[in-house]
Each structure stands twice: as structure tokens, then as C-alpha cells.
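Next up is one chain by itself, shown in C-alpha cells, the form predicted on its own.
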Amino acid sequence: MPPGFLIVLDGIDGTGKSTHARRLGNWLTSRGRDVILSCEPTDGPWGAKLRESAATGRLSPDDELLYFLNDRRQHVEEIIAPSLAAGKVVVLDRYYFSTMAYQGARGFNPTEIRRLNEAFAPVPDLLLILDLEVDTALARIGSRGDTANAFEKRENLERCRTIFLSLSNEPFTRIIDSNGTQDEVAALIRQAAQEWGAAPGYDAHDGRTAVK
């Protein structure tokens, strides 16, 4: 059984995380991997409260952080950890890096948020930060017919983007420029997945890839 592999797609709203998580999951499946595609906040009880708050008004900073931690703990226990133990590739649309960014933008220390999460949440094998200028991201949110919610205000997204980009020096992180077409961005993501060993086709000896 191949080892489990955890891939996270993260970044500010409007960068295409959900679309590219699905595309990556489908591609990995076509390459013979058993894939679990999931997202945060989840559809569980804590996640449902967080999703509701995006439309009705954000919770207090302390409550919001607590809800994210509770939701993630349940997610890890019920889906992420068992899937990795079974040798599956888990592809996540958002993870604790979003908590570092969005709650960090509300005044919490991102390093402390990371410590709290990594006490129970597996560190990803590959973190893909999808990056866009905030004005471009907001334009995309508007073009899909949505109104920016409480998490998507410009000033908040600027602070969040700064925190996401501060992760660029992590050994498991790849920054993905999301300005291109969907196909161009998907190709960058597939190549990173191969290079990190999530899918066959990468020759570690000479660095050649065969992304199709």
C-alpha cells in the first residue's frame, strides 16, 4: 500500500482553490491514486456555524478561533487521519493555514495558532498557496455573482495574503501564481504534485516531469 499523502490548497478567497482542488483530485485519481477530497470549514456542526457566520456576521474572535479548532479536530479524527492511514491521497480545500491567516488578521498570533493546530492536525506533505493580487481576487468573486462576505473585505484579504506569503520558505510549500487560465494553473499544480511524490511520473534523479 502506498503511503498516505496530504495536499492542501490554500490562499485568499477568489484564487480558485475549490476549482483546482477538484481538478487535482480528478487528475490524481486518473493516475491511479485513491483520493479523498475534502474542505474546511466542513459540513459538520462547527463548520456549519462558521459558514453561517460568513453571511450573518462574524463571530467574536475568540469564538471563531474555537469553532475552527473544534471543526478541524473532528475533521482530522473522522476523515483526514483514517484516510492517510489507509494510504489515500487527501486533497484539502483550506486547512489550518487559513486559520493562521484569517484569525491572524484579527489579531491572534499566527505562530501560536499553528502550534495549537499542529498539536493534533497532521502537517501537509505539500502546501499549495494559490496567490493573486487582492483586487484581482475580489474581481473574480464579483464575476461569479457573489457579494464579498464578512471574510472577504479588501483590508482583511490584504492582511491574510501577507500571512499566506510568509509561508513561502517552508520546505513543503509551493506558491502558485493564479493569474493564468484554469488550464495553466492546473498544470502548475499537477507538476508540483508530481515533484513532491503524490503521483507517478517524476524522475527525482534528473528532475524531468511528464505532466499530461
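Residue indices: 1-based, along the sequence shown. Not measured: the values here are computed from a predicted model.
The protein also exists as the form predicted in complex with thymidine-5'-diphosphate (TYD); that form is not presented, and the subsequent description refers to it.
- Annotated contacts: G4, R33 and S83 are all free of thymidine-5'-diphosphate (TYD) in the predicted bound form [non-hydrogen atom within 4.5 angstroms].
- In the predicted bound form, at least one heavy atom of R51 sits within 4.5 Å of a heavy atom of thymidine-5'-diphosphate (TYD).
- Looking at 39-47, 23-31, 169-177, 182-190, the stretch with residues near thymidine-5'-diphosphate (TYD) in the predicted bound form, meaning non-hydrogen atoms within 4.5 angstroms, turns out to be 39-47.
- Interface residues of 100-124, taken as those with a heavy atom within 4.5 Å of thymidine-5'-diphosphate (TYD) in the predicted bound form (partner not displayed): Y102, Q103, in sequence order.
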